[in-house]
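Let's start with one chain on its own, the form predicted alone, as structure tokens.
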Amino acid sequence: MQKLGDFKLPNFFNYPPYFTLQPVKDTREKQIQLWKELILDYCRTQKIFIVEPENFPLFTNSGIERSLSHEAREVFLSALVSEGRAEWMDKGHRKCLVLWHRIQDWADLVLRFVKDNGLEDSVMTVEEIRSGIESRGTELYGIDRTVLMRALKLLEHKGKLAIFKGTSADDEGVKFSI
């Protein structure tokens, strides 16, 4: 099995036709599903949140001398966008925010983190949640700030916490009330 860094690639990655958009509807749907799963799995295991389609390592297999076309890259990422698993960050589709967990799932992870660490009535900075000692070894460690803020705002809307502004983005705080 081929690897990309420490990531094990699926068998289809070495099958040249999967690097070309398939014309038959059923085959294309299967191809799109395989690529969606691969993109999400790779991003999750490598903690990648922002994908630049033209520079994303999964979209090229030098071993079989194949690369996805620009159209194929956009089709596969747009399929994730249509399912709420990604969002284009610009009109030109040069950057894509990949949500290997949906925002609600990230919010649930924050709540679990708070409860597991006994922080129910505590105050933390956003940066502590992203990179503090308590978050090491959890999926929250290294989370993209935009994704975390959206999860926190969802929890704020549900009355689970309050976000307060500091003098800079680095000292935005969160007061949990769970």
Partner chain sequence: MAGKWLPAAELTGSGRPVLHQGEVECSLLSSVDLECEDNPSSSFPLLKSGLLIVTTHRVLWIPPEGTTAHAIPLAAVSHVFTSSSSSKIKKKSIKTMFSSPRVRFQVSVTSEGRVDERGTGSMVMTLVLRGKNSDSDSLLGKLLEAWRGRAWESGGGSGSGKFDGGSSSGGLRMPVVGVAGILRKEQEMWESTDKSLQDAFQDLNALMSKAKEMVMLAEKMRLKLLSGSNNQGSVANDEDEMGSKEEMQDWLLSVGIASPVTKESAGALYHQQLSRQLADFVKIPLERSGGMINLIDVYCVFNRARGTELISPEDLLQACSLWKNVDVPVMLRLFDSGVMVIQNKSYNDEQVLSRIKSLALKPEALRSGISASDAAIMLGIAPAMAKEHLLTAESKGLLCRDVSPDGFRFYVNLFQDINLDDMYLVKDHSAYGAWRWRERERERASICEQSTKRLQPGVNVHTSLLMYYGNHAELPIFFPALETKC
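Numbering follows the first chain given and starts at 1. Predicted model only: the values in this text are computed from it and were never measured.
Although not depicted, the form predicted in complex with the partner chain is the subject of the following passage.
Peer 1: Taking 4.5 Å between heavy atoms as the contact cutoff, choose which of Glu139, Glu128, Glu52, Glu37 touches the partner chain in the predicted complex.
Peer 2: Contact with the partner chain in the predicted complex is made by Glu37 alone.
Peer 1: For Gly159, is any heavy atom within 4.5 Å of the partner chain in the predicted complex, or not?
Peer 2: Gly159: no contact with the partner chain in the predicted complex.
Peer 1: Is there any non-hydrogen atom of Asp26 lying within 4.5 Å of the partner chain in the predicted complex?
Peer 2: Flag for Asp26 set to yes.
Peer 1: Answer yes if any heavy atom of Lys30 is within 4.5 Å of a heavy atom of the partner chain in the predicted complex; otherwise answer no.
Peer 2: Yes, Lys30 lies within 4.5 Å of the partner chain in the predicted complex.
Peer 1: Determine whether any heavy atom of Lys8 comes within 4.5 Å of a heavy atom of the partner chain in the predicted complex, and answer yes or no.
Peer 2: Lys8: contacts the partner chain in the predicted complex.
Peer 1: Are all three of Gly84, Gln104 and Leu109 close to the partner chain in the predicted complex, meaning a heavy atom of each within 4.5 Å?
Peer 2: Zero of three within 4.5 Å in the predicted complex.
Peer 1: Based on heavy atom distances of at most 4.5 Å to the partner chain in the predicted complex, which listed stretch, 62-70, 112-120, 147-155, 131-139, is the contact stretch?
Peer 2: Every other range fails; the passing one is 62-70.
Peer 1: Just to make sure I understand: among 2-25, which residues lie within 4.5 Å of the partner chain in the predicted complex, judging by heavy atoms?
Peer 2: Heavy-atom contacts within 4.5 Å come from Phe7, Lys8, Leu9, Pro10, Asn11, Phe12, Asn14, Tyr15, Pro16, Pro17, Tyr18, Thr20, Gln22, Pro23, Val24.
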